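To begin, one chain is listed below as structure tokens, in the form predicted alone.
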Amino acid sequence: MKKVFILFTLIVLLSVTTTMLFANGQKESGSEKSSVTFWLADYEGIDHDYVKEIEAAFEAENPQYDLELLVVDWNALNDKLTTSLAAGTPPDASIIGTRWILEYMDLDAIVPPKDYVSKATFDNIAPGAMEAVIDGTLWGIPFAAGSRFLAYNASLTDKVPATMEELEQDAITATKGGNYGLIMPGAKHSELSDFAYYFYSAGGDFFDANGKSSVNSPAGVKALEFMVKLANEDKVVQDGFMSQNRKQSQPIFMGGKAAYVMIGAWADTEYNKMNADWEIKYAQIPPFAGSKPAPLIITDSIALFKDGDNLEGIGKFIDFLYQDKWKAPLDKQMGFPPVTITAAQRPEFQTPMYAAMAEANLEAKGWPLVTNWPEISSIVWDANQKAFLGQLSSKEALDEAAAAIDELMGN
């Protein structure tokens, strides 16, 4: 019996030793996978199955990594990143609005991507897309950049407005027959884009030369009063606009029920999904009479987070993603013109929509690169909604917003 016990003990010890040696061998040989995490914003038009295809292809080519390519709702992205940073558990990298860069720099949360992403990848990115350069250092990899433009339903209208005033009249005419003249989201969401369309078209700027808020400038008041008139007096916008954000309102246009919408690069993708029996055409967002065109341009970047677990691995993934084989189809789904030089030459990007964007780029204007932009956007959204609801006049609402912004910025 004693011999049996000794033999059993030896077998157990041998088994444990073998297991430990095998485990150590895995680590020493590099066969144990390390995690890589990337948060991708859920752009309109993006194919989630294609995202999974990218994830699987990267892991097949780089079996040492276990990639988590997570698609995150745009409206939740900044809050989700802020929470993860506070907990010390950020992703290795994430899509961000370029205007968030200063906020993350203030938190000492990001690192320069050129420390981890190859020179070959950066050499293929158009220099003009490098917006996130601060004091000579690039803090965000250009991911998407595109100016906004006007799309119209050629089955409902053949008018291409040259001014905002003409757009109003053309939208009124187009409402005859039970259709909507113009799509305008009124529910607060992560982008302040609709106010900016009218604000910039009136010659407005979010801050004056002294850094004080100027949302309540004559341009700001003119823009908001015009929006309120479109919605409440002209009644050219879609029913229930106050409860609809961009993603909820724009499908009404894609369904052929509205004449005009100010929209972005995803327009072609969403239109093609509908198998529509009407023709979509593109033009420029018009200025108010007497003002110069100034369409909004949106840029998004990739930020690498200092407390990420695998910055070397995420650098390899970004090099992989930015190959034309993977990035160009993703750009096409989102509708954005490529930021890479080689992809921009591909035939799928030579279309009327991309031509309209290229024209808009010539006079486009971006968001101000300031800290606290998400909070500022929320304040102006509140002012818009108070004016829509008639709680305050446009001037009163924007005066209140400007005071709140100046207090937030310490002015």
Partner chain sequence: MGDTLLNPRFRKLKGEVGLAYALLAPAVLLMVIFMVYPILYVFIISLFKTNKLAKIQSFDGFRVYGELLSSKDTWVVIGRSLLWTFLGVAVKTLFGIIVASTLNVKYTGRKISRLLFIIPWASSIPISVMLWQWVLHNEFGLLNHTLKTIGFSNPPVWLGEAHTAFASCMWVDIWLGIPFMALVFLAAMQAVPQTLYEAAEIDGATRVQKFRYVTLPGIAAILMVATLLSSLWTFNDFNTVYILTKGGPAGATNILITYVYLNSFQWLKWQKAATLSIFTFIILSTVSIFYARLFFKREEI
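Residue numbers count along the first chain shown, from 1. Please read these numbers as outputs of a predicted model, since none were measured by experiment.
FYI, the form predicted in complex with the partner chain isn't displayed, but the following is about it.
Trainee: Using heavy atoms only and a 4.5 Å cut-off, decide whether all three of L85, M242 and I252 touch the partner chain in the predicted bound form.
Mentor: All of them do, each having a heavy atom within 4.5 Å of the partner.
Trainee: Hey, in the predicted bound form, does Q169 get a heavy atom within 4.5 angstroms of the partner chain?
Mentor: So Q169 does not count as contacting the partner chain.
Trainee: So, D79 and the partner chain: in the predicted bound form, are they within 4.5 Å at any heavy atom pair?
Mentor: Yes, contact at 4.5 Å.
Trainee: Taking the partner chain as it sits in the predicted bound form, is L389 near enough to touch it, meaning that at least one heavy atom pair lies within 4.5 angstroms?
Mentor: Yes, L389 sits close enough to the partner chain in the predicted bound form that at least one of its heavy atoms falls within 4.5 Å.
Trainee: Is the gap between Q248 and the partner chain in the predicted bound form 4.5 Å or less for some heavy atom pair?
Mentor: Contact check for Q248: yes, within 4.5 Å of the partner chain in the predicted bound form.
Trainee: Pick from 213-221, 99-107, 321-329, 113-121: which stretch has non-hydrogen atoms within 4.5 Å of the partner chain in the predicted bound form?
Mentor: In short, 99-107.
Trainee: Between T351, T342, Q385, Q64, only one gets a heavy atom within 4.5 angstroms of the partner chain in the predicted bound form; which residue is that?
Mentor: Partner contact (heavy atom, 4.5 Å) among the options: Q385.
Trainee: The partner chain isn't shown here, but in the predicted bound form which of Y200, F149, Y152, Y180 has a heavy atom within 4.5 Å of it?
Mentor: Exactly one residue meets the criterion: Y180.
Trainee: Across 368-389, which residues bring a heavy atom to within 4.5 Å of the partner chain in the predicted bound form?
Mentor: Result: T371, N372, P374, E375, S378, D382, Q385, K386, L389.
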